[in-house]
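Before any questions on binding or motion, here is one chain by itself as structure tokens, the form predicted on its own.
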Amino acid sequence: MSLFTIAVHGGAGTIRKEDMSPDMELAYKQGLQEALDAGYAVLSAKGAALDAVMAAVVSLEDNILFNAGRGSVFGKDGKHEMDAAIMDGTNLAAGAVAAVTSVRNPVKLARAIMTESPHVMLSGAGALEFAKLRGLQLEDEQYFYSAFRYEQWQQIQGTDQTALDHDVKLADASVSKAVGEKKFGTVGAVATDQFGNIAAATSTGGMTNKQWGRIGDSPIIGAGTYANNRTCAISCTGHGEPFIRAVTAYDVSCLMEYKGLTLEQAMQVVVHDKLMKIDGEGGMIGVDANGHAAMVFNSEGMYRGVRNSNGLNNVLIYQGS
């Protein structure tokens, strides 16, 4: 039996302890712990890594604090367009969805696309129609409403500006009028199961007031999400455009496969060197087939957690803690 591991993230960016009330910090940590526990329950029952990452991401999608699923931000038209992806490291099978509305858990739709269609990615109205055909749970707009997301959207509604999720002050007290601070709201999970198989999943509500059908890195295989048993499983969170241009998740895998770097070494190179050279801010979580995990970011904070069968259980937010 191999060491089994689950790691999760809930976004990265301008996340500072002085801006966070004790109650809000506790709520975020509880949300991350619940996601870890959901994924770990699958792994400890000898379940597959693919099932574990989906369970963890579903937990985060159902938590209104995180910008995915229920907590997704408002687009320019006042609606919620969501992206997600999932990938199986055993066979490189992958599924993704972009700009879908009404689907309660986009990661479940991504998996259905992977397993029940001949395609890797579906988008928009076609993705919604496929979700209906597969019997996935749908919700009306009220389900996706949250006051602090709505207030942030109101600040820039009617302009051509976009905002990278809510800043911490606004989410906490609903009083901040600043939208300049950046928090990249994406959720994700990576896992290694008892059989040495790995998987990754990522989900996001995107950018507040986004227009023109903008799609970030989360649903793009190799950019925001990647898994390969030979190397690693990666889920990213950050400003999507640089992550797409750097093919970030796959680059970690390439550094491991072709240069022989460890998971941690490869992630450090990508996050602190390659991404920063093109103004890429954010981070990533990763695991390898031996159950090693790493969580690396170049922003002020990243909501993150890791749990494994050796008794490790850490939930962290800020740099160094």
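So that there is no doubt, residue numbering starts at 1 and follows the sequence shown. It should be emphasised that the depicted structure is a prediction, and the values quoted were computed from it without experimental measurement.
Here the subject shifts to the form predicted together with a further copy of the same chain, a form of this protein not shown in this document.
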Checklist entry - Residues in which of 136-144, 84-92, 185-193, 67-75 have heavy atoms within 4.5 Å of a further copy of the same chain in the predicted complex? => result 84-92
Checklist entry - L263 near a further copy of the same chain in the predicted complex, any heavy atom under 4.5 Å? => result no
Item to check | 4.5 Å heavy atom contact, K46 and a further copy of the same chain in the predicted complex | outcome: no
Checklist entry - At the 4.5 Å heavy atom threshold, is A294 in contact with a further copy of the same chain in the predicted complex? => result no
Checklist entry - Does any heavy atom of V58 come within 4.5 Å of a heavy atom of a further copy of the same chain in the predicted complex? => result no
Checklist outcome for this item: Answer key: of E257, D51, E34, D62, within 4.5 Å of a further copy of the same chain in the predicted complex (heavy atoms) is E257
Item to check | a further copy of the same chain in the predicted complex reached by all of S123, I221 and V247, non-hydrogen atom within 4.5 Å | outcome: yes
Checklist outcome for this item: Restricting to 212-233, the residues within 4.5 Å of a further copy of the same chain in the predicted complex through any heavy atom are W212, G213, R214, I215, I220, I221, G222, Y226
